[in-house]
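First, one chain by itself in structure tokens, the form predicted alone.
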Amino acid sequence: MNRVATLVTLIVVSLSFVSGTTLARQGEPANQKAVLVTGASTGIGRNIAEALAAEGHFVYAGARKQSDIDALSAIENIQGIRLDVTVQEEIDAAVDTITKEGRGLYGLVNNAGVAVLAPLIEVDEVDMQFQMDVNLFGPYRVTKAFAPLIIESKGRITTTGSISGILSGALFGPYSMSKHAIEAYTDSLAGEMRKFDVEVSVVEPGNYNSAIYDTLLRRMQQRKQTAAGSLYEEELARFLNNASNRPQDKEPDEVSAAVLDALFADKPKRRYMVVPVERQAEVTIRKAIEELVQLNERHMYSYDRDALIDMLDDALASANE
């Protein structure tokens, strides 16, 4: 290579780091996309990270423990990165690391999540804050921090919600509140990011194999929380027993497939409900219909059945366009 060509190459590479332009790194395929997955140490997050890596994409896999970071980094196409979504300093450090790597960032998967299940009239405020800090403020913090990189690449953002963001019931209030908030977050963010050609989706799994119940039970043990003395002692005891002895759920391969579609499909969906059995789909859709009926019930602008069916037909037609 002559001196002029060498100089041009150096200038182009230097500009790529200054501007954040995502030139392919040496030895990496030109079409490889870089994706950050939070909460990637176990369960659904680990499955998503491995699925993306198997497809040839480069994954920054967020985890809190060094042992998990090392285990993730041992997988081809995965680089473990320290990332607690409740710690702004770690988020900022992750942004700095990924920016300096020079790949840019095409996709963000806000997957980190926890569960707090307790009666709403008894739940400790510390537990409620913990629930929202991870499940709601986590995606808010991480997305805000990485938005410039995602906007630059005209990439994709997806968040792991839950069918519990539609459904709710006794004892599930804290968790369902956090996931219901993600539904609103997704719609608002999608409207705002449309200006930058960035697509936003939420994936809403049913019951798949994950570590979320193990983490829940371990945290309750650490905080010495039991059913004893609760106004809902019988219900809590039953739940804790079921959680401790629940059968193995289906592996979350279908959830990862939905995430890949949200990240790479030409026309991604806004919402991906993914459930292992039909019953979970049915109860979720029926709950959404029940809320529609309640919204329409006995007020001066209520619609009759024919008008509601026309609205449903219009929505179905729009979804199929």
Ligand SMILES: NC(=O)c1ccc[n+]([C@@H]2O[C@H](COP(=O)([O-])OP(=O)(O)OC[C@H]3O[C@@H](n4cnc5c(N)ncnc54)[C@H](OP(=O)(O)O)[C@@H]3O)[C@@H](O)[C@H]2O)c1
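The first residue of the sequence shown is number 1, and the count goes up from there. A quick note: this is a predicted structure, and the numbers were derived from the prediction, not measured.
The form predicted together with this ligand is left out here; the points below concern that form.
Only one of 281-289, 256-264, 50-58, 35-43 gets a heavy atom within 4.5 Å of this ligand in the predicted complex; which is it?
Comparing against this ligand in the predicted complex, the contact stretch is 35-43.
Pick from D84, E152, D127, E251: which has a non-hydrogen atom within 4.5 Å of this ligand in the predicted complex?
The option sitting close enough to the partner is D84.
Please pick, from I98, A147, L171, I212, the one residue with any non-hydrogen atom lying within 4.5 angstroms of this ligand in the predicted complex.
Selected option: I212.
Would you please decide whether V134 lies within 4.5 angstroms of this ligand in the predicted complex, comparing each non-hydrogen atom pair?
Taking the distances in the predicted complex, the answer for V134 is yes, it comes within 4.5 Å of this ligand.
Looking in the predicted complex, any heavy atom of Y106 within 4.5 Å of this ligand?
Taking the distances in the predicted complex, the answer for Y106 is no, it never comes within 4.5 Å of this ligand.
Test of understanding: in the predicted complex, would K65 fall inside 4.5 Å of this ligand by heavy atoms?
Yes, contact at 4.5 Å.
Can you check whether N207 is within 4.5 Å of this ligand in the predicted complex, heavy atom basis?
So N207 counts as contacting this ligand.
For 159-193: residues with a non-hydrogen atom within 4.5 angstroms of this ligand in the predicted complex?
Heavy-atom contacts to this ligand in the predicted complex: T160, G161, S162, Y175, K179.
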